[in-house]
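Below you will find one chain, with nothing else, as structure tokens; this is the form predicted alone, and questions on how it binds or moves follow later.
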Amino acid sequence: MRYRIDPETDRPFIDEFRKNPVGNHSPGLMRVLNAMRYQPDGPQIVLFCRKPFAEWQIAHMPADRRDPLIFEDSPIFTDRNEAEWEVFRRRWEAATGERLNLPLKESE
């Protein structure tokens, strides 16, 4: 049985991800990320690296994985953490219906 994200009990993992979008994560955050990444039957939002270590763009993987990616007219991210956070926010909303209106980093 596939894990289903609970917006209340899994909420602490949002901050954990914001603090460290790329790298090692706790088992709880990995469970949430795996649940958000697993979409075998439908379209899925993905992050496409345009230039290694320099540029990332959001794309949609079609339900038929043999079809090409569909790229958004979204900005090209030059910070991987910002790009990963945007994908996390969208996947969270798709999984829970809850929109995260938080920046990656709090302004100082």
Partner chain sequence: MLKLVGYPDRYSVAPGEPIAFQISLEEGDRFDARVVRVVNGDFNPDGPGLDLPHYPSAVDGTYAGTPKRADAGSYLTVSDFPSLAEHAAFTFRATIWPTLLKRAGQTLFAQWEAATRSGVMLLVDDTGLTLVLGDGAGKIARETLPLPLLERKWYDVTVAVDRAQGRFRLGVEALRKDFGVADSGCREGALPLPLGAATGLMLAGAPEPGGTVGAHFNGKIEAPTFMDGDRIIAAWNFSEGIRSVQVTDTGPSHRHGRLVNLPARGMKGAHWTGEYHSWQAAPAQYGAVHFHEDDLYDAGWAADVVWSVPEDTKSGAYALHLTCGETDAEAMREVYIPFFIRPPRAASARTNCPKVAFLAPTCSYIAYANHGEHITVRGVERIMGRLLHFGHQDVYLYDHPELCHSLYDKHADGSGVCYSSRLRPNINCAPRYHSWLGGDGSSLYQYNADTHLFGWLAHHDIDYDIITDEDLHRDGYELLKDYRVILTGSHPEYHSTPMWDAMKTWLDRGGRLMYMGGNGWYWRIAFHDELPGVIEVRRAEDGIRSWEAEPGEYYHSFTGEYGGLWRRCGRPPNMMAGIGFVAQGFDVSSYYRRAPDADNPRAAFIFEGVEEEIIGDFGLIGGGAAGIELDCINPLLGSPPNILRLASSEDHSPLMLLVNEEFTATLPNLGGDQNERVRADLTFAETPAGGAIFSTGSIAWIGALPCQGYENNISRITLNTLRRFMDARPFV
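Basically, rigid core = biggest C-alpha set you can superpose within 1.5 Å across the two forms. What you see is a predicted model, and the numbers here were worked out from it, not measured in a lab. Positions refer to the first chain, counted from 1.
Beyond what is shown, the protein has a form predicted together with the partner chain; the following relates to that form.
Asks: Using a 4.5 Å heavy atom cut-off, state whether D10 contacts the partner chain in the predicted bound form.
Replies: Contact check for D10: no, nothing within 4.5 Å of the partner chain in the predicted bound form.
Asks: Although the partner chain is absent from this view, report whether P75 comes within 4.5 Å of it in the predicted bound form, heavy atoms only.
Replies: Outside the cut-off, so no.
Asks: Do I14 and the partner chain share at least one heavy atom pair within 4.5 Å in the predicted bound form?
Replies: I14: no, not in contact with the partner chain in the predicted bound form.
Asks: Answer with yes or no whether D79 is in contact with the partner chain in the predicted bound form, where contact means some heavy atom within 4.5 Å.
Replies: Judged by the heavy-atom cut-off of 4.5 Å, D79 is well away from the partner chain in the predicted bound form.
Asks: If you apply a 4.5 angstroms heavy atom cut-off, which residues in 64-86 are near the partner chain in the predicted bound form?
Replies: Heavy-atom contacts to the partner chain in the predicted bound form: D64, R65, R66, D67, P68, L69, F71, R80, A83, E84.
Asks: Taking the rigid core as reference, does the Cα of P27 move 2 Å or more between this form and the one not shown?
Replies: No, P27 moves less than 2 Å.
Asks: Does superposing the core leave E82 with a CA shift of 2 Å or more between this form and the one not shown?
Replies: Comparing the forms between this form and the one not shown, which are aligned on their rigid core, E82 does not shift its C-alpha by 2 Å or more.
Asks: Given a superposition on the rigid core, I'd like a yes or no on whether F53 shifts its C-alpha by 2 Å or more between this form and the one not shown.
Replies: Moves: yes, 2 Å or greater.
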